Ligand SMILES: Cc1cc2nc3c(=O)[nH]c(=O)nc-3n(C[C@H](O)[C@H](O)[C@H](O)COP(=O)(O)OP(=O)(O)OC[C@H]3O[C@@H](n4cnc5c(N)ncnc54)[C@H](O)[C@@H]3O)c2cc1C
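Just the one chain here, laid out as structure tokens, in the form predicted on its own.
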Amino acid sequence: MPFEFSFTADQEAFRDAVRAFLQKEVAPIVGEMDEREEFPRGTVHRMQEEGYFGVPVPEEYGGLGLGKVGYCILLEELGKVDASHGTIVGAHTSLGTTPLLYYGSEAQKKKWLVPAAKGEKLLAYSLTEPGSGSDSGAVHTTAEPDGDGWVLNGTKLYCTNGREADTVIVMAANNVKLGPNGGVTAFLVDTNLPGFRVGRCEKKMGLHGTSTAELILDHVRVGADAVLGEVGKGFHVAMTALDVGRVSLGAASLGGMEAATREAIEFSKNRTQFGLPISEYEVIQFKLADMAMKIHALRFMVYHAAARQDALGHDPTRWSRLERQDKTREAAIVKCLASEWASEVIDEALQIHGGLGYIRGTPIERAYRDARISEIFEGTNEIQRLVVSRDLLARGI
């Protein structure tokens, strides 16, 4: 595929509509949401009504059919306004609807994907456990066969949307001894099932509008229709979802960088020191130039990767081994660079604001807190470098 990208008129119109909606509905409540640390149910419901929780899902399954490029447009615009809303959408869409679209049976798509894409149900995804973070294959939540179904037991951590979700995609070990290759299965677990409960919800540095929940599964029985994909192939389901999530995380980071840079430009023009606006000083100009260069580079990386994912389609069985490897490497690169560049750009924007940037409740202070987690979740950046380096050693540049 040529290394080029341009938006269609329909995509630009979608961006304009999203931007207007977010400025009207979301932007006014962000400060209070962050201060009160509350899940923004009202605005989430409005976004569901607009179809924003099913942007990349084909229309036949209840979505808007705008693909990964349209989805990244949404996440970029969300990143400009509020990272919490972007994270809620991302956990539902990248990590929830993607596995259903790629690996679900037609019956599963009708039962779980369609209402999720229409905004009638909220999804979550749960892989992390007390003993498995970066070692994501070390799953100890168990899945024991029981008649025509399965019984799940275990504890999961750090599940975004875990407190509010109607259904959680849970990775559980059908055979602990086999590990990720054959020993992990993905299950669709409705949160109203007996034995499922939410434990503690973490107090976090940022993303105050999201829940980060402990999930406890105590003899939760699910039917055979709850197995997503094949028994023992859950790790493949999980990693495929993360490839999508890592690119959309890049889009959200891009939006955060753009917003922070815009704030820094305006502040530098209006802040006077030693008789001049600080924008007149070369040290500030160079900071702004470096920020803009990272934004420019990331924009091309994100949308090129999204367009390539769209070109692959929704059926993993049709992908060649080379296509899968390229997709995984590219997603890791985008996620790693985007999250680190976002931290750097927002940090420089805060520095330009001086003491004001450090004051609680300002947009730049909130952005600084919200951005830090992006270097950790959806695979730490150390893991991204491991993914890239192993692929380099196996296949070359």
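Computed from a predicted structure; not experimentally measured. Counting begins at 1, following the sequence as shown.
As for the form predicted together with this ligand, it is not shown, yet the points below apply to it.
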query	finding
Exercise: residue 97 in contact with this ligand in the predicted complex, heavy atom 4.5 Å	no
Close approach of residue 382 to this ligand in the predicted complex, 4.5 Å, heavy atom	yes
Contact label in the predicted complex: residue 373 to this ligand, heavy atom within 4.5 Å	yes
Non-hydrogen atom contact residue 248 with this ligand in the predicted complex at 4.5 angstroms	no
Segment that reaches this ligand in the predicted complex - one of 119-127, 252-260, 74-82, 315-323, heavy atoms within 4.5 Å	119-127
Contact residue in the predicted complex, from 298, 159, 237, 291 (heavy atom within 4.5 Å of this ligand)	159
Among the candidates 105, 134, 181, 142, the residue which, in the predicted complex, approaches this ligand to within 4.5 Å (heavy atoms)	134
Check all three, 212, 377 and 386, heavy atom within 4.5 Å of this ligand in the predicted complex	yes
